[in-house]
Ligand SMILES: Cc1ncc(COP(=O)(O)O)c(C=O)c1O
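A single chain, nothing else alongside it, follows as structure tokens in the form predicted alone.
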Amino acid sequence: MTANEQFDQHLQQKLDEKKAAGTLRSLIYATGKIDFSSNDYFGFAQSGLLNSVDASALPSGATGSRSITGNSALAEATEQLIADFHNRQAALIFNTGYMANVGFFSCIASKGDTFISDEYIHASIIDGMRLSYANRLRFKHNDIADLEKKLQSSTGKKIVAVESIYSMDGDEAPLIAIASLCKKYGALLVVDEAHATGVFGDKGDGMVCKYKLEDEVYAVIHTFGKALGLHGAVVTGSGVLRNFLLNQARSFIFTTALPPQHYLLLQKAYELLPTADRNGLAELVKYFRQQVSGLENVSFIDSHSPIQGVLVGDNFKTKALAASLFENGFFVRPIVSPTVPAGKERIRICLHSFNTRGEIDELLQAIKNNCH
């Protein structure tokens, strides 16, 4: 057996172990299914609303990183448009949300400083913090008292990281209380708005703007792959922060820039965002919560955002339920441990403005039939 074959055998053994634990991932795609899974909250990605952008005069690629040949007046104008939209001084676009968080958190703190993050923070933020030389502390999910204990025991510059809407539980961070606590202890507050951008705020500008916390939050990350129906992400904050990141964030410096046409698409999406049907989506969420309150023998996560979920509590049972719902025409995905804590495995349900009450009724009936 060759060295290559031996190593493949080693990898296969690890895959077999994951399969035995019920954590093996696989790729699927769905056609003709009712979408209760994607993060395309308003259907921008599928509706054709962005197709009116004419990029025929632009190059097909950026030809290099932003610091070499990939920068343009169009890129910088788009960043300023986004910064203005979210009431920030400046913005820097990254190719993905993962790259934005890894780039930001890996370079913003130094040895002796302390990150303090919610225990349910996104994996991309965890990876970014791990790449830095700073200390890392976790506080209990949305627990202000525990956060204060961690702030009291931290050293150096203190950086608190939270999501405004959490991607798995769909619940909201107590941003006003967290911001007040950060101010008390001289800590910087960083908010990932991935699942709030577009969905919350008067014009879809997010929870930080909704609560008028712009001056209390040091940096805000917005992703484009959810409500905006596109790709990429942006870190917003001060002009000094932008200049620091373009000098220090390796995931920005050492990657080819987005193609020029993408900036036109972003401008169009931000033009459309204030007109998105946030009220209709909120009404669907309200209807969903009303319907599930009457279901017996089925446990749902306690969320009042478009992110909902059926708690199953077992990897194999969760996957089996997802497969059954898929066969019945519903595109939902199982979320198993260790992505969520053991015992909290669930079917993640994402509501969209284009879903109907009838589709919700059908989905809940299918869940009830499988869980009785």
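Here the structure is a predicted model, which means the values were calculated and not measured. Each residue number is its position in the shown sequence, starting from 1.
One more form of this protein, predicted in complex with the ligand, exists but is not displayed; see below.
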Subject >> Interface stretch in the model of the complex with the ligand - options 261-269, 175-183, 220-228, 203-211, non-hydrogen atom within 4.5 Å >> reply: 220-228
**OP:** Please pick, from 98, 300, 287, 244, the one residue with any non-hydrogen atom lying within 4.5 angstroms of the ligand in the model of the complex.
**Re:** 98
Original post:
Counting only non-hydrogen atoms and a 4.5 angstroms cut-off, does residue 124 reach the ligand in the model of the complex?
Top reply: yes
Original post:
Would residue 118 sit within 4.5 Å of the ligand in the model of the complex, counting heavy atoms only?
Top reply: no
**OP:** Find out whether any non-hydrogen atom of residue 163 is located within 4.5 angstroms of the ligand in the model of the complex, and reply yes or no.
**Re:** yes
Subject >> the ligand contact at residue 93 in the model of the complex, heavy atom, 4.5 Å >> reply: no
Original post:
Which residues, if any, of 163-193 lie within 4.5 Å of the ligand in the model of the complex when only heavy atoms count?
Top reply: 163, 167, 192
